[in-house]
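Single chain ahead, written as structure tokens, the form predicted alone.
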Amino acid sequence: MFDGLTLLGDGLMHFLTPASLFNVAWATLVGIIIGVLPGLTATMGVALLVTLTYPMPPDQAILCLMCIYVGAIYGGSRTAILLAIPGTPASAATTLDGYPLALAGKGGLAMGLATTSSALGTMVGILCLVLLAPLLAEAALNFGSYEFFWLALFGVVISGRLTAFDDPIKGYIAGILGLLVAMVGMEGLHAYRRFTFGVPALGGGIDLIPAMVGAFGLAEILVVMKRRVAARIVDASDRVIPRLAEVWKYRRTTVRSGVIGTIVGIIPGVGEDIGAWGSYAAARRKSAERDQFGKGSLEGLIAAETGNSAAIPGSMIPTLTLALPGSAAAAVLIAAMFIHGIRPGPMLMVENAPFLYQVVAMLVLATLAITVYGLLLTRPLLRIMTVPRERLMPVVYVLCVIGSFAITQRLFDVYVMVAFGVVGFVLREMRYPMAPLVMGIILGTLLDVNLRRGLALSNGDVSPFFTRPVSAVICTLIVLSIIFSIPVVKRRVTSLFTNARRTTAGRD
């Protein structure tokens, strides 16, 4: 424990330099602006700016991307509160109570509480990251090919299940599409070309960054072109800084939502929006003011903002220790780490233990930055919303092209970006989630390599995939998740639980 505290202190001191603090300031501000502008997401922002960090030292590059990530998730609450337009999907739950508060003339207070809640939620997640990541990394050292195969499949399945809750089959289809994309190119063991169709450029496979820039960036541009929405500015003239009593009153909601958000963040590929909705639902069930939820409840606003912010450190736990992204933005961070020579995964604590605590320091500094910006610069930041999206989208498109081309300087990657942009737009119009697609792309190689490596180790015997304890547990979770997503089974189980509760209540 003392070693961990020492490394954490070293991580904080490492970034307490003028250059690092300058990077924290501009990157967090850029992240907030990305979050404020409807149509730009945290994933899109991180993906577009990966190439700008290429000349930077690795620690400074990841620091900038982490600040953009934290700032964008927080920034989405501004438009969610004032315009009922979530700047990012993670802020969708914030609109339920934030906008009614703004209509009641409490927009400033709502934004102040959103700021403090985001900061406290991130701190709860950071505490869990410090406590859980070293333990998970140590346990992961005992994982073999069999366990990593199931972990990769679990990430795709659970992402499809939870990001398309009303129609899980669409989530599964999106995940399978991502796995198929990951199979393109030379396979990892024997360098055999697969699914290249005679195109030499496909021999190297589909790079993650162009695919994600297209799926999240260009697809969003096409969506905006189709659905033009005029921005409306709402005045927020009341106080922004909340009183201590207003924050302390809902301390239990803050802690509960922080824990829920962190747990959701740990689940691979689920993301901050599910953390917000899960925290909001739990707060409503436990609240004595549940009739106020959706009508301007301070508790509901706090729960949503705490949950989505806590999911950020939570997502970094599997990202750093297992190389399984906890969210779509974390998937981009994994790609950025590999670009800068950092290998996330079970060996991180052995090869580069200080980096984990440097990430913690990055999150702490980003949290302090969003607190300062949120409480002091709210009104100036609102002017950014006056930028017409018709003028913004051409700039975003240029960044999409540059971001896709800059890493490998291949025009083919620009074509990949355009192709994924069109496919992403079509899938969005058909209400398919994007997160499982991305999870399939990034986890497909891990799944493929470990499946064939495990079969090679067992001479073609599949039984170790099911008989090893950890493999059996993960396999069971996957099967149960799929079974309970079947509507008939889901209705049947819900009916059984309802009847059991009535029977218990009748006995009492």
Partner chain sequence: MSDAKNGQPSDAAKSSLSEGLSPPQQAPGIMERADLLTGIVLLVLGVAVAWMSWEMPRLEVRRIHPATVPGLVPGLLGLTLAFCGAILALRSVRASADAAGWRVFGGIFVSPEAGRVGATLALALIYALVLVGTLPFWAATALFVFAFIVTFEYAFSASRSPLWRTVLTATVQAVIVGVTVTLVFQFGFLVRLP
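Numbering follows the first chain given and starts at 1. Nothing here was measured: the structure is a model prediction, and the numbers come from that model.
Quick note: we don't show the form predicted together with the partner chain, though the next part is all about it.
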Would you mind picking out the stretch of 459 to 467, 29 to 37, 59 to 67, 472 to 480 that comes within 4.5 angstroms of the partner chain in the predicted complex, counting non-hydrogen atoms? 459 to 467
So, Arg492 and the partner chain: in the predicted complex, are they within 4.5 Å at any heavy atom pair? yes
Check whether Ala245 has any heavy atom within 4.5 Å of a heavy atom of the partner chain in the predicted complex, and answer yes or no. no
Quick check on Met123: any heavy atom within 4.5 Å of the partner chain in the predicted complex? no
Val264 within 4.5 Å of the partner chain in the predicted complex, heavy atoms: no
Can you pick out, from Glu289, Glu351, Asp167, Glu138, the residue that has a heavy atom within 4.5 Å of the partner chain in the predicted complex? Asp167
Name the single residue among Leu377, Val398, Ile241, Val199 that comes within 4.5 Å of the partner chain in the predicted complex, judging by heavy atoms. Val398
Those residues of 199 to 223 with a non-hydrogen atom no more than 4.5 Å from the partner chain in the predicted complex are Leu218, Ile221, Leu222
